[in-house]
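This document opens with one chain alone, in structure tokens, the form predicted alone.
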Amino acid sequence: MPEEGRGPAAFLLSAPALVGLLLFVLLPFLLAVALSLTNLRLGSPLPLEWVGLEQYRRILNDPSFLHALINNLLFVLTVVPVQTVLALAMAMLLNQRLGAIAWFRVLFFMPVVFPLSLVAVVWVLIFAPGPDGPMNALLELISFGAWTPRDFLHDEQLALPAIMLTSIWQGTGFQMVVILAGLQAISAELYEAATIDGAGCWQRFWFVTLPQLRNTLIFVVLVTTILAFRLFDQVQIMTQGGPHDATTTIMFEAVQSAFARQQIGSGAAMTVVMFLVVLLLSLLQRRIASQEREVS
């Protein structure tokens, strides 16, 4: 194909994706920014007014929103590394030549296929209070009776960890599939050369597997971080943000503000702040990854 024909052809091929990005990402974000600068309220007889950054000042001084932001950060800092390590371990296991390995791959990936609402309902039953609750019964069994039954979803200290466990169980399979694809793309010659040089299993893992999975792991961590900040379904179904805002998140607060309290401007401001936080963390992760690449 001539050089001058590649530009228009590439544009035509990418046009549907660009249109979708414009309609479903850029325009909604710009609309959220515009709404966040107003006092828009559903069902209010007051006229729409331009308030500038007043909505941002209010939410940044709102203890509920700040608590939601802290909960989101705790969720991300816990779920992302734990989920990534588990997914890597599962991918390494499923990359072996074992009998019935295809069935194990389906089994480990199955939670990803289930609707998140269904997963949350099932885990509500698992965390049922009292000695008959499956989680309480399991902990009592493995502790030889030392565990005292707890009401996980109504305990301020256990409610957020319970949601974390639910999310890790449901989302690890997605990361596992991505990492498994990265593992299968690593050339066997690299492992053969490392073995000839006398490298053991751990040395091959540290000096061959991890460097080759670098881009894959960066992608997995970025995507998981974005998804973790969008935490809403589990909170809505399992705890409704309680007890005492122990599990509230930015997305939950935004939905409550926009639809329960009908404060559209405030809810839009929360979503903009969430976007900026996610963007900042993503850029920071990419920055750290690029610096490590330059050092190596």
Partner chain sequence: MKRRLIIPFTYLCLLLCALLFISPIGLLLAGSLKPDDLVLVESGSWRALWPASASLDNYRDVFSRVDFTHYLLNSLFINGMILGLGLLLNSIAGYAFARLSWRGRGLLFNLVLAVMIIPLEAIAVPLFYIVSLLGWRDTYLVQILPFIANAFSIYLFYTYFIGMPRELEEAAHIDGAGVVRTYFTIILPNAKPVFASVAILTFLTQWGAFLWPLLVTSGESVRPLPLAIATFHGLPPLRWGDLFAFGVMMVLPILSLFLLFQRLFVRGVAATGIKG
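In this text, the rigid core denotes the largest set of C-alpha atoms whose superposition between the two forms falls within 1.5 Å. Numbering follows the first chain given and starts at 1. The structure displayed is predicted, hence computed values, not measured ones.
Another form, the form predicted together with the partner chain, is not on view; read the next lines as being about it.
Interface residue among A246, V51, A32, L69, judged by heavy atoms within 4.5 Å of the partner chain in the predicted bound form: A32.
Taken together, the three residues T78, T84 and G242 lack any non-hydrogen atom within 4.5 angstroms of the partner chain in the predicted bound form.
Proximity to the partner chain in the predicted bound form, taken as heavy atoms within 4.5 Å, picks out 89 to 97 from the listed stretches 89 to 97, 70 to 78, 142 to 150, 156 to 164.
For L37, no non-hydrogen atom is located within 4.5 Å of the partner chain in the predicted bound form, even though that partner is not displayed.
The partner chain is not shown here, and in the predicted bound form it never comes within 4.5 Å of any heavy atom of I288. Using a 4.5 angstroms threshold between heavy atoms, L284 stays clear of the partner chain in the predicted bound form.
For the chain shown alone, L183 is not a contact residue for the partner chain in the predicted bound form, no non-hydrogen atom being within 4.5 angstroms. The partner is not shown here, but in the predicted bound form the stretch 124 to 159 reaches within 4.5 angstroms of the partner chain through a heavy atom at V124, L125, I126, A128, D132, G133, P134, A137. With the core held fixed, V278 shows a CA shift of 2 Å or greater between this form and the one not shown.
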